[in-house]
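A lone chain, given as structure tokens: the form predicted on its own.
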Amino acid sequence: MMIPVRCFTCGTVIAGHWEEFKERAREGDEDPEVVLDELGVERHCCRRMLVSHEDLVDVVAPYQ
């Protein structure tokens, strides 16, 4: 659904990085590794949360 506010593993707040990551890495042509480094996301668990997230709000919304 939506990006979780905190990382499931360490509890660090990651939701604030989602919009910029999505614009630059997913919709842009930048390397996700470089974008995460520039955003200051260093832990592997937090990086996993951002890289593997699939935004399904638009897909599920018509059925609610």
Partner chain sequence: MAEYDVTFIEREEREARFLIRGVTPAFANGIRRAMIADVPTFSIDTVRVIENSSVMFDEQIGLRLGLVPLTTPLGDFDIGDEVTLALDVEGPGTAYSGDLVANDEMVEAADTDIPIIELKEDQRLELEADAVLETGRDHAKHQGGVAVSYRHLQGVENVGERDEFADDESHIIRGVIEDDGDLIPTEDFGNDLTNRYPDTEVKVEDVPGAFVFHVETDGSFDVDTLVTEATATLRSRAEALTDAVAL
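Positions refer to the first chain, counted from 1. Worth saying up front: this structure is predicted, and the values here are computed from it rather than measured.
Beyond the structure shown, there is the form predicted in complex with its partner chain, which is absent from this document and is the topic of what follows.
- Proximity of Cys10 to its partner chain in the predicted bound form: non-hydrogen atoms within 4.5 Å are present.
- Although the partner is absent here, Glu54 sits far enough away that none of its heavy atoms falls within 4.5 Å of its partner chain in the predicted bound form.
- In the predicted bound form, its partner chain lies farther than 4.5 Å from every heavy atom of Arg48.
- Contacts with its partner chain in the predicted bound form, taken as any heavy atom within 4.5 Å, map within 41-64 to Arg43, Val57, Asp58, Val60, Ala61, Gln64.
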